[in-house]
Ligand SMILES: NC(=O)c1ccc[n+]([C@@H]2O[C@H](COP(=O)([O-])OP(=O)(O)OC[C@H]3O[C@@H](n4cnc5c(N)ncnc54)[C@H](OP(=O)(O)O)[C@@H]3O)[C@@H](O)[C@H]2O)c1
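For reference, the chain that follows is the form predicted alone, supplied as structure tokens.
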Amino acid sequence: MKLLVTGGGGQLGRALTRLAVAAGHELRVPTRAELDITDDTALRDACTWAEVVINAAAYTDVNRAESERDAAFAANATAPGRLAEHCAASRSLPIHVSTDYVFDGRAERPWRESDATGPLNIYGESKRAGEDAVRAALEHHLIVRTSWVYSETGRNFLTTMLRLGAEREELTVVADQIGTPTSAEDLAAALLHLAARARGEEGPFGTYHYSAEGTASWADFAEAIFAKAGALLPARPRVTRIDSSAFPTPARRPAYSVLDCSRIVDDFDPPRRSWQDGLSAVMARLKLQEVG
């Protein structure tokens, strides 16, 4: 397929590039410098070429968004709506990546697509507005909410833990926020699976949840990273578990971010594995890079 991936320089864009090239797709993956999605003319021209557009570009600095609301909404709300309008004009399929942060985190069971949203911060508000804009632009779309995405590249929880773990013997990590760590590679594989299945006008279309299998706290995730790090770290750091109240941030985070993925499994059956197996694959790539 002719596939356009926005945000090519990010962790999801890089994972999509690697898998799409291996699958033989005709691919354009502009970085932010090459395609600013808030530049509407450039966005229209890029979308006109593609059969499928995966929008992996976003404003993702959750804390900074509290003081940069306009920038967050420009990238996360206005631009996705315009992207979907351009896809409607060119009869291409937009796949928009969204987030568990559209929910307030107060549930006691995994979040379903039909659950009421209630973001706790500006980032979540901007992502919810982006979803609404995509839905308003055209019927034939896919919105995929995911959670706790990480990879071996860029700024994310895994790379931060490895950096800090190389510097310190002990780290304090929040233990009362629960979600599902999802590798960018696993998310990319799922998005490409959906793209191949949903081209044309048959569908299915709409909003879906995708994450790895299982649940973890941030402290659980940190301990798993250090357990699998091996020679990547001089020694295995100790993890001290703390409540989020002991680590205040400008933006509030949801306490429970686990997503119910049964709908996407029923409709598309994308590749999916446990978050532990996804982490093992990422760590194996990092170790190969160290050897190389």
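What you see is a predicted model, and the numbers here were worked out from it, not measured in a lab. Numbering starts at 1 and runs along the sequence shown.
This next part talks about the form predicted in complex with the ligand, which is not shown.
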Worksheet item: Looking at the ligand in the model of the complex, is some heavy atom of each of Arg32, Tyr123 and Ser147 within 4.5 Å of it?
Response: yes
Worksheet item: Is Leu12 one of the residues lying within 4.5 Å of the ligand in the model of the complex, judged by heavy atom distances?
Response: yes
Worksheet item: Can you check whether Val97 is within 4.5 Å of the ligand in the model of the complex, heavy atom basis?
Response: yes
Fill in: Partner contact for Ala75 in the model of the complex: the ligand, 4.5 angstroms, heavy atom
yes
Worksheet item: Can you check whether Glu223 is within 4.5 Å of the ligand in the model of the complex, heavy atom basis?
Response: no
Discussion item. Exactly one residue in Val258, Ile37, Ala65, Cys47 has a non-hydrogen atom within 4.5 Å of the ligand in the model of the complex; which is it?
Written reply: Ile37
Response to the item:
in the model of the complex, the residue from Ala56, Val239, Val52, Ile264 with a non-hydrogen atom within 4.5 Å of the ligand is Ala56
Worksheet item: in the model of the complex, which of the stretches 97-105, 112-120, 82-90, 167-175 has residues with heavy atoms within 4.5 Å of the ligand?
Response: 97-105
